[in-house]
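First, one chain by itself in structure tokens, the form predicted alone.
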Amino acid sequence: MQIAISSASIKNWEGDILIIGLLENELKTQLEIIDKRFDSSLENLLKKQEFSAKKDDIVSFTLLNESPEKLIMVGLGNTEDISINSIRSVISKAATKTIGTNGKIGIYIPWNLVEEGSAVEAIVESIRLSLFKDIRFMSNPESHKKPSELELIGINLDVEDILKKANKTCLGVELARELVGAPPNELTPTILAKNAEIISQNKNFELKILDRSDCNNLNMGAYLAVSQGSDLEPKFIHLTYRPKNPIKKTIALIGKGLTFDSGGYNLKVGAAQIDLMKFDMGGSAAVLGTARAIAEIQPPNIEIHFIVAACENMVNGSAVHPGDIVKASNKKTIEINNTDAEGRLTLADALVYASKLKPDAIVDLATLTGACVVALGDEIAGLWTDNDELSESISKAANRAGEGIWRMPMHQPYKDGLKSILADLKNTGPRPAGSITAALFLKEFVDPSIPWAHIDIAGPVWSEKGTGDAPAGATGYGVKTLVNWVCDYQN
């Protein structure tokens, strides 16, 4: 989609679809201006459809023999109600009403009431991502016409760099959605590694893929234990972005990469939705999606390590048993009391590996626990960290991205639930506070001198009905947050 700033006003803009944001407390005044353009009484039409510009109100009209052909009015609420996220929400809804047209969209909102740069970024992301549809696996996909041009009307700032960043971020989100949405027979650990290889062909990237023997030499007993029940080979992915400029910061981003999770011998049954366990690599999708965006953005002063311990969790005669004891690469022993708590085992060795790189910060993303979904629902991720500065910076990046996140407690007394009679710790604790004990487990494998954050995305990685700028299915959650955080953190 081509995106540009229009020098026209509402009175003379030419295109196919015009989207206008209206204020509840300024509706009459705004309509007087719009009426002059269309020579009609929109006020009466809007009253018939009970549109009063309340927050998230939306109505559309087809205009015969007119340019634009379609007018979409969206409610922004009262002046004091306007926020970047409320704009993001209503523009996402408006975008879906443009499907079926492959022409030009124009958007006007009261720019003077918002921080223009942030609003531009939110609108561009909302429009582009709301129009995304994954049709790769349909033999006869229905025509998915969508607008080819977007113009922002009435902007006074130079927002060229913001437009470019938003577009580049969307590339990463779209890749993440495709990775999560792909079926497990199409997205294997090897294919996930091939996606990293494609990204590595961009400027300033290096790639290292460790196979089973490499990981065995590094004593990654926890990760390899999870993979041993699958016929597919594990792939430990280490993708590095290293610009030519002087490096001011180094970070590591780790994504859980279970391309399919059967639960192992603790097989997922009943309401566990085993058919959706292809999305158990949602963390790795977010990390590789971020790498895809970074390949375009090319931040100048930060080195980034993208790490994924990819494998399947399957059942065969070689699969790990409940009760087995394995040793992670930091020599800690783990009693596996639940083979369906496998993600934290793969992350354990990934965190030890990342810690040895001595980054300034480590952030991991994982579809780790159903307990987090119970606590926060399917639109909010959980955030665990002992570092207030890191928590604040990630939360700020997520809020700007329109991605829900909530800091959860690292309650140390709950670590007692991970005690094992035979090993250093068990891989799961009691049922209560399961997402907290999962975070406390991961903490055991991080160098305590390195600021670290864990983000549980089990809820927002997938949406049955669609949410925000994500149609039903994979959401690409985490990419926008990580891209914002990386760009902020380097400074």
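We number the residues from 1 along the sequence you see. Computed from a prediction, not measured in an experiment: that's the story for all the values here.
A second form of this protein, the form predicted together with a small molecule, is not displayed here; the remarks below concern that form.
S.K.: Do residue 279 and the small molecule come within 4.5 Å of each other in the predicted complex, heavy atoms counted?
M.R.: Within the cut-off, so yes.
S.K.: At 4.5 Å between heavy atoms, is residue 96 in contact with the small molecule in the predicted complex?
M.R.: Residue 96: no, not in contact with the small molecule in the predicted complex.
S.K.: Though only this chain appears here, would residue 232 touch the small molecule in the predicted complex if you measure heavy atom gaps against 4.5 Å?
M.R.: Judged by the heavy-atom cut-off of 4.5 Å, residue 232 is well away from the small molecule in the predicted complex.
S.K.: Given that the small molecule is not shown alongside this chain, does residue 455 nevertheless sit within 4.5 Å of it in the predicted complex, heavy atom to heavy atom?
M.R.: Flag for residue 455 set to no.
S.K.: Residues in which of 73-81, 333-341, 132-140, 297-305 have heavy atoms within 4.5 Å of the small molecule in the predicted complex?
M.R.: Result for this chain: 333-341.
S.K.: Note which of 218, 371, 357, 210 lies within 4.5 Å of the small molecule in the predicted complex, where distance is taken over heavy atoms; exactly one does.
M.R.: Of 218, 371, 357, 210, the residue with a heavy atom within 4.5 Å of the small molecule in the predicted complex is 371.
S.K.: Quick one: of 259, 227, 169, 367, which gets a non-hydrogen atom within 4.5 angstroms of the small molecule in the predicted complex?
M.R.: Looking at the other structure, the residue within range turns out to be 367.
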